[in-house]
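First, one chain by itself: the form predicted on its own, in C-alpha cells.
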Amino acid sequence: MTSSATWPCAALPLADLSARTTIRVGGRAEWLLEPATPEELREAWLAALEFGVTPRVLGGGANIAIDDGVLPGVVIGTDRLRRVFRPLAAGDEAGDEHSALAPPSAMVLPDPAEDPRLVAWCGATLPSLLRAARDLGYSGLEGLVGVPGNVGGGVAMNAGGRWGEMWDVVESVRVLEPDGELRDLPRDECAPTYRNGGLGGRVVVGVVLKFRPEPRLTVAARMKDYLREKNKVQPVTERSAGCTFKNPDPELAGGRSAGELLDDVGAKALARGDAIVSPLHANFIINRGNATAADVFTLMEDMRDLVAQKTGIALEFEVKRWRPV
C-alpha cells in the first residue's frame, strides 16, 4: 500500500491484532496506525482515505472478534489516546475541552462539586475513567464497573447494563466524520438507544461527561457492590468479547434476555475448538486458550441457529465481526 514513512503517526506493518482484543483471537493488520493526539487521529484517517481505503478503528478490543489471516487495509488503534482530565470552567477562553494539552497548571480549576465533568479521549479505558470518577466523587457510571474496552467504543455502542449506560452521563461528543472533518455534537443532537450511540459512521474522538457529585466512599461502595454481583453471574475475568447477542424485543421473547434464551435452549453445551459457551452465562463465548477466529465465528452462528430453531427468535449480534472486505 505505502511505506511507513508516509504515515503521519507511528505505523506498524503486519501488526498482530489478537493481543489487542479481549477474546484474544484474530490475525494481523496490513497496517496499524497509532496516533497519539486527536489531531493525529484525524491526519491518520485522512492519510488512509488518500491511499484509497476507509480505515477501521480499534479501541480496547472488547465486543469485537477479528478474522484469522491478514486483514487488508488500515486499522487505526487508539491505545495512545488515553487522556482523562477535568475541563476548565465553561467560557474560559484558555480552555479547550478537547485540547491536546492539559489545562495550564497556572489556571484554577472549578470546584469538583460545582463542575462535575470529565473529558476523556477515545482511547481512555473504561476502568481508568471509572477510577477517576470514583476518586473525585462523581456518580453516574458505576454500572459499567467490570466492563472492558475504551471510551470511544463505549460511547459508540452505548455500553452498559442493568445499572446504567454510557450515555447516561454524556454531555457532548467530538466525532470524526467519514470525510475526515471534526464535529462537536451536543447530547440533544444525538439519539442513543440500547447498544447504539446513534452516531452512524462517525468515529468518537473524545467526550465530555457530566456526573452527579456524591461522597467518594459512596461511589466506591456502589462500584464494589455492582462488581460483586457481576462476578456471580458473568465471566468477568475470562477471555471473552462480552455479550455475544443483544437482548431481543421483550414482547417477542416473553421478557427473556438473550442469555436466558440461550440457556433455555441448551447453548451452554456448545463448543468449537477452544471456543466454548460460558458455563456461567450463556451469552458469553470464552477462549480457553487456543481458539481461532473461525472457532468463535462458527460458535456464534451455532448459538444463533439453535435459538432460531427452538424459539423462532433471530438474535442480533452485539459482538462486531471484522472480516476482509
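Sequential numbering from 1, following the sequence displayed. Small disclaimer: the values here were computed from a predicted structure and weren't measured.
Just so it is clear, the following notes concern the form predicted in complex with a small molecule, a form of the same protein that is not shown.
Novice: Against the small molecule in the predicted complex, would G259 count as a contact residue? Criterion: heavy atoms within 4.5 Å.
Specialist: Flag for G259 set to yes.
Novice: How about W121: is it within 4.5 Å of the small molecule in the predicted complex, going by heavy atoms?
Specialist: Outside the cut-off, so no.
Novice: How about W167 - does it come within 4.5 Å of the small molecule in the predicted complex, if we only consider non-hydrogen atoms?
Specialist: Outside the cut-off, so no.
Novice: Considering only heavy atoms, tell me if N287 and the small molecule come within 4.5 Å of each other in the predicted complex.
Specialist: Residue-level check for N287: no, no contact with the small molecule.
Novice: Can you pick the stretch from 76-84, 240-248, 180-188, 198-206 whose heavy atoms fall within 4.5 Å of the small molecule in the predicted complex?
Specialist: Selected stretch: 240-248.
Novice: Using a 4.5 Å cut on heavy atoms, which of A36, L49, L280, L270 is close to the small molecule in the predicted complex?
Specialist: Contact residue from the list: L280.
Novice: Just to confirm, with a 4.5 Å cut-off on non-hydrogen atoms, which of G140, G161, P192, P213 contacts the small molecule in the predicted complex?
Specialist: It is G161 that has a heavy atom within 4.5 Å of the partner.
Novice: Indicate whether the candidate residues K230, Q234 and D263 are all in contact with the small molecule in the predicted complex, with contact defined as any heavy atom within 4.5 Å.
Specialist: Every residue of the spot touches the small molecule in the predicted complex.
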